[in-house]
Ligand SMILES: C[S@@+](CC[C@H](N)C(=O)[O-])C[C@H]1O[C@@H](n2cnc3c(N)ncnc32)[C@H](O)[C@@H]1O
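Take a look at this single chain in structure tokens; it is the form predicted on its own.
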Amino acid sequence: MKRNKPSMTARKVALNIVTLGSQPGMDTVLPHGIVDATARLLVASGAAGERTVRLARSPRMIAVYEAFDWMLPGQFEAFAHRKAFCEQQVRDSISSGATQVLVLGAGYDTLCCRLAPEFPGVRFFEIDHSATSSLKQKGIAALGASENLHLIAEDLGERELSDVLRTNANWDVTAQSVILAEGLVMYLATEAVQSLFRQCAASVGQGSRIAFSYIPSGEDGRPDVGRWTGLMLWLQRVVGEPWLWSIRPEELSSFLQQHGWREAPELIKGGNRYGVEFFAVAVV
């Protein structure tokens, strides 16, 4: 990832959510309020102009995404299911006693800013590298930030997550928490993914969970997204955000156990795969 520039992937995903809001039937999948909140945040932060957002809402953009669906079948609509999965994990965690929510690599996601006013007794945190986080903070400030929402600008490639959280006066390492790593781990090297899970486990209390999405490995050990894998890996490298980590679904449980977690597929409501990504939940 180009650390001195806002994430192109984060912007793309946010605009995708806006476009999905115009897709018939997606209103039953997407979390309530996410489309309008995302559109407002993009404009208020300066990540996208009003004209770009209007275009994203148009039927023309739906046609564009669908035209490229042959490359990653189902991935366009998969973003809606991924957002729904993450929000369901947060709401379920809060219902079971979680008092902290942490979103890693938050980009222009609106989950925390939408849910923070609804759950004033829960502390919401986001961490992203400064180039993206600075735009996010500008947008949140313009739209109105809740006191229980904390945006942290840190590059986790340069500073360990456990250190960031341990030195943050608002984070309680003993509290039941939920951590989201949506669309994140595929951009990290293997050692970084291993370290991330260990640090997450060491930074939360019993009963906590982590929810994440990942890309499966092929026989060659590389991320496998189907027939056009080679092209997609090349495109990701070109934009400076290469896919680095993947895992076979049957190996995930062992991997998680080695790094402080227990896989908990029983906590997933609905399917565990949409498009090219798998969804997973683990607990401590």
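As the structure is a computational prediction, the values presented were derived from the model and not from experiment. One-based numbering along the sequence shown.
The discussion below concerns the form predicted in complex with the ligand, not included here.
**Student:** Answer with yes or no whether T132 is in contact with the ligand in the predicted bound form, where contact means some heavy atom within 4.5 Å.
**Tutor:** Contact check for T132: yes, within 4.5 Å of the ligand in the predicted bound form.
**Student:** Would G183 count as touching the ligand in the predicted bound form under a 4.5 Å heavy atom rule?
**Tutor:** Although the ligand is absent here, G183 would touch it in the predicted bound form, with heavy atoms inside 4.5 Å.
**Student:** Is the gap between V164 and the ligand in the predicted bound form 4.5 Å or less for some heavy atom pair?
**Tutor:** Looking in the predicted bound form, residue contacts with the ligand do not include V164, since no heavy atom lies within 4.5 Å.
**Student:** Is there a non-hydrogen atom of R82 within 4.5 angstroms of a non-hydrogen atom of the ligand in the predicted bound form?
**Tutor:** Judged by the heavy-atom cut-off of 4.5 Å, R82 is in contact with the ligand in the predicted bound form.
**Student:** Picking from 116-124, 167-175, 183-191, 198-206, which part of the chain touches the ligand in the predicted bound form when contact means heavy atoms within 4.5 Å?
**Tutor:** That would be stretch 183-191.
**Student:** Counting non-hydrogen atoms within 4.5 angstroms of the ligand in the predicted bound form, say which of C112, A211, A98, A106 makes the cut.
**Tutor:** Answer to the contact question: A106.
**Student:** Taking heavy atoms and a 4.5 Å limit, what residues of 157-171 are near the ligand in the predicted bound form?
**Tutor:** Just G157.
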